[in-house]
Structure formats: structure tokens, C-alpha cells
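Next up: the same protein chain in two forms, each one alone, written as C-alpha cells (structure 1, then structure 2).
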Structure 1
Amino acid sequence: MTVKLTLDEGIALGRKVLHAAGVSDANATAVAQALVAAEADGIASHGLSRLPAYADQARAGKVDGKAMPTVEQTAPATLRVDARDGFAFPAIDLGLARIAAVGANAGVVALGIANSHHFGVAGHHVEKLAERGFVALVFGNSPSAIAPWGGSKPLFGTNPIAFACPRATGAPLVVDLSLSKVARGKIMVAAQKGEAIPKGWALDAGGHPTTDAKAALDGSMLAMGDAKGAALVLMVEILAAALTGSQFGYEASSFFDAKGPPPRVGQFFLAIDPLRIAGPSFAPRVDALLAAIVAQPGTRLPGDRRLKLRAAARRGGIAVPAALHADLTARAGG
């Protein structure tokens, strides 16, 4: 069973839950908006299902709900944001606002987010930059979930990457993927529902293939592309953690519970003004390429389903599992 909420009702509920956990209004609003945006796009694994853990962590002090991130311009085209052990969303919003200002002059901007937390749907952040005319990439690391190729002990996170670019017509193109064969959040949702997961997604703690979601959470994820994917995971770990001065996946505490110290992971953004390189031909050329793709029967563009679900959610709201809704309502004070 589910409970239907408008997007505004979902945001309001999320804010109340976070307020009750001691989160400041500005931070609660940024987090609630991000989680409901994930729900609207059909990405429930990064939506309101994350809210109980977020609230528990704020209440326990694992994440500082009142943190005020700071931004520093370290060179003409480089920025560093310190999330100060708070939620990632307000820290990233602060950094993206500065990218827009610095990028207008520099043409290319690099942004590192340090001492951060789970940053939700990676594609949403670069989509905001593409709406401002930038070609954008983001790399994020997360608590250990993937073992190095040939190993059995998780060292790296699922380490999502995302890309977005403007088009001459329509919404930006957004490519968003986890470097594990599936996002860890999907296994978390399956564990919450008591459902099995497909074989080939994960290993148990003993290094054996498993379809048990709870055993998978205690074990390790498999990298997409096997050895090649594991090399990409390593690359993202260096960009997101070493380059930003944040913790590696094996040093970070879990996103899923309130135990331990702040995870202090990192995110790294690269934003490019295509007008400085390709000139005005860039967006029309992108559209020409995408048109060639969809001209072939059976193809579709990355993000097509997401945009359709987003439009439907704006009209008809989001469906939240009844048990989750009851939990959130209780946390919000009824």
C-alpha cells in the first residue's frame, strides 16, 4: 500500500522530520527538496527512504544538521567547499552558485566538496549546471562497498559519476550511473522490503554470490564491467576523496545508520563553458547526435524515463510506501 503526496506535501513532511531531529530550517529545506526530487524522478532508493537514516544521524551528531558550509576560491578557476560534517545538499548548492559566477569569466571551473555526506542523485547536481549552460561532470565517493578486482574486502564505495550538457532544444542531457552493477540504495530498499535481489549484483561477507539483500549489505557490491569497472572505481576514489582532502571509502562510516563518526566523503565537479571551446555550434551539434540515436528503432536517450516520471509527479504527486509514510509522520510529530 502507498500514500499519495503532492511534491509540496512531501517536502513539507521531510522538513518536519528533519526539524524534529534538530536540523536547521535552511538545511532541512535543501535536503527535503533533494529527496522529493529523487522520488519524482522514480529514484526511490535516493528518495524519502533515506530520511529515517538522515534524521537518526542528525539526532546522534553523525551529521551536523546545523552546519553552515563555507566556500573558498583557491585560484582563478578552482573552488573548495567545506561541508563541515553537514549534509551534502546545502554544501553543493553553495558551490554550484559560485561555479556560475566564476565560470562566467574562467570558462572552466573545478570544485571540490570536502567533509561531506551522501549527495543523493548525482545527475540532479550536474543538471543544474547544464541548465546554466555548462557541460558538467561530478564524481563522488562513498563508504566501502566494492572490493578491488580479485580481492574480497570492500575498499571503495559504489562511487557514482554523472554528466550533463545543454541542448539547443529541450531539457539537458543527463547521464547518471553508479560504478557498481546496481546502486547500493536499491539493495537497501530490497532489504527493507524483505525482497531478494538478482544474482550478479553482490557477494556476501564470505565472497560468495548472493540474492539475499541483507547479506549483500554485509558483503560487497560487484563493479560494473568487472576489472575495467574496478579501475574506474579507483579513479573516482582518487578524484572525489584524495583530490578534495576527504576520506576514502574504507575510512568512511556508513550512510545507512547512526553509528560512528561523520563519513567525511567528498565530491568533485568539473564545469566547462562550451561557448569558450566550440562556440555556438555546440548545442545544435549535440542535438544532431541525439537525433541520430533516436532515429534507430528501439533506442532512447538517457533520462527519457526520468523526465516522463518527473512530469507525471508534478501533475499527480508521488506514491510513498504506507509503512514509510507512517514512520515519517510519527517522526514529524504526528
Structure 2
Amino acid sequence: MTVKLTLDEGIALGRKVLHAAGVSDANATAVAQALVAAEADGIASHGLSRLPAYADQARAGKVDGKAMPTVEQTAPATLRVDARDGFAFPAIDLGLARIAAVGANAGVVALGIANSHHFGVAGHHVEKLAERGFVALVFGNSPSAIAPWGGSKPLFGTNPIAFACPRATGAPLVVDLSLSKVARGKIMVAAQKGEAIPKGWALDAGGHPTTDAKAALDGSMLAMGDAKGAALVLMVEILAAALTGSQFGYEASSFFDAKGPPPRVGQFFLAIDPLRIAGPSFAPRVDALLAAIVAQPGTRLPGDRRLKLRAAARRGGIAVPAALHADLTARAGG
């Protein structure tokens, strides 16, 4: 059973829930817009389902709902944002706005976000940069879930990478992936149903491959691409945490509950002006490559599904599970 909301209704409900938890209006708006954008793209795991935990964390002070992020230009082409233990979304929005100005001159910008929180759909942030003409990359770290290759204890987060670039025609191309083989949520669902998981998804607490979902939750997740993927996980951990001055996955508290200190993870962005390197050929060449892909039967472009769902949501709204909607409505005080 679901309740249908327009995007504006979803954002308004989200803002009310966050206001009731003591979050400032500017921060509540940034967070609610980001979560509803995830819903619209069909990414419910990063949508309004996150709101109860976000609100609980704001009430508990694990995230500072009134934080005012700061931005500093530290060199002609580098920016540093301190999220100040607040939500990631307003801190990232602040940084992205400055990238546009700095990048138009410098040709490339590096932006580190420190003392941050869960940043939702990684691809949405770089998509905004691509809409402004940049080729953009982001690397984020998250609380530990993946063991180092050969080890047995979670040390790294699932550490997403996202990439976006302009095309000559249509919306930007967006690539967005976490580096775990599967989302942890899939293992949680299997554990709830008492089902086995495929070999290769996870290790038990002793570091041995397991098909037992419950044992996997007590153990660690495997990286996509095995040893190669594990090397990429390490790379992202360094870029997102060490390079931004943030905490590593094994130091960070959970995004899902209100216990403990702020997670203080980091995000690292790079934005490149393709006109300064390839020149005007860039966007038509991307289109030529994408045309060569879709000319092969059985292929589709990354993000195609999201864009279709987004268009449908703009027309027809989003469907929120009734239990979640009731929880949010109660939290909103109405």
C-alpha cells in the first residue's frame, strides 16, 4: 500500500519532519529536495526512507541540523568545505556553487568536503556539475562494511564513485556505483527471509566465504571485482577521507541510527572543463561513443532507467509506502 505525493508535496513533508527535529530551514530544504530527487529516480533506498533516521540523528545531536557549512578557496583551483557535522547536502550545494565560478577560470577544480554525513545519491551531485558543462567525478567514503583483501574485518565503506559529463544532445551521462559487490540491503532482505545468498557476496566473521545471510551481516562484504575492486575501495577511502581531512570508514559511526558521535566522513569532487582540454569536440565525441554502444543489441546506457522514472515522477509523483508516510506525517506533527 502506497500514498501518492507530488514532488512538491514530498519536499514539503520532508521539510516539516526536519523542522520538527530542530533542523534549520535552509538545511531542511536541501535535505528534503535531495531525498525526493532520489525517490523520483526510483532509488527508494536513498529517498524518504532515510528521513526517520536523519530526524532522529538531528534530535540526538549526531548530526547538527543547524550547522552552517563553510567554504574556503585554498589555492587558485582548490576548495575546502567544512560540513561542520551537519548534513552533507547543504555542504555539497555550497561547494558546487563555488566550483562553477572557480572552474570557469582555472579549468579544473578539486573540492574536499570534510566532517560530512551520508551524501545520498552520488550521481545527483556530479550530474549538477555536468549540467553546467563540467566533466565531474566524486568519491565518498562510508562506515566500514568491506574487509581489506585477504582480511576478515570490515575496514572500508562501500565507497561510491560517480562520474558525469555533458552530451551534445540530451541530459548528461551519469555513472554511479558503490564498490561493494551488492548493496548491504540485499543481504539484510535475505537474512529477514531466511534465504541463502550467492557465494562471492560476503565473508563471515572469520573471513571465510559464506552463503549464510546472517553470518554475512556479522562478517564483511566483498568488493565488486574482487582484488581489483578492493584496491579501488582503498583508493576511494584515501581520496574521500585522508585527502579531505575526514574520518575513515572504520572510525565512522553508522548512518542508520542515532547512536555515537557524528560520522565525519568525507567526499572529494573533481570538476574539469572539457573545453580547456578536448575543446568543442568533447560533447559530440561522447555522443558518438554512446551511439556505438546502443548500436549493439542488448545494451543500454547507464542512467537510462533513472531518467525515465524521473520524467514519470514529474508527471505522476512518487509512491511512498503507507507505513513510512504515516510515520513521516506523525513526525511532521500532523
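Quick caveat, the model's predicted, so the values are computed rather than measured. Under this definition, the rigid core comprises the largest set of C-alpha atoms superposing within 1.5 Å between the forms. Numbers follow structure 1, counted from its first residue as 1.
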property: Selected structure - the one that is the form predicted on its own; result: 1
property: Rigid-core frame, C-alpha of Glu72, shift of 2 angstroms or more between structures 1 and 2; result: no
property: Flag for Leu217, CA shift 2 Å or larger between structures 1 and 2 after aligning core; result: yes
property: Turn angle in ° for the smaller rigid piece between structures 1 and 2; result: 24
property: C-alpha positional change at Ala190 between structures 1 and 2 - rigid core reference, Å; result: 7.5
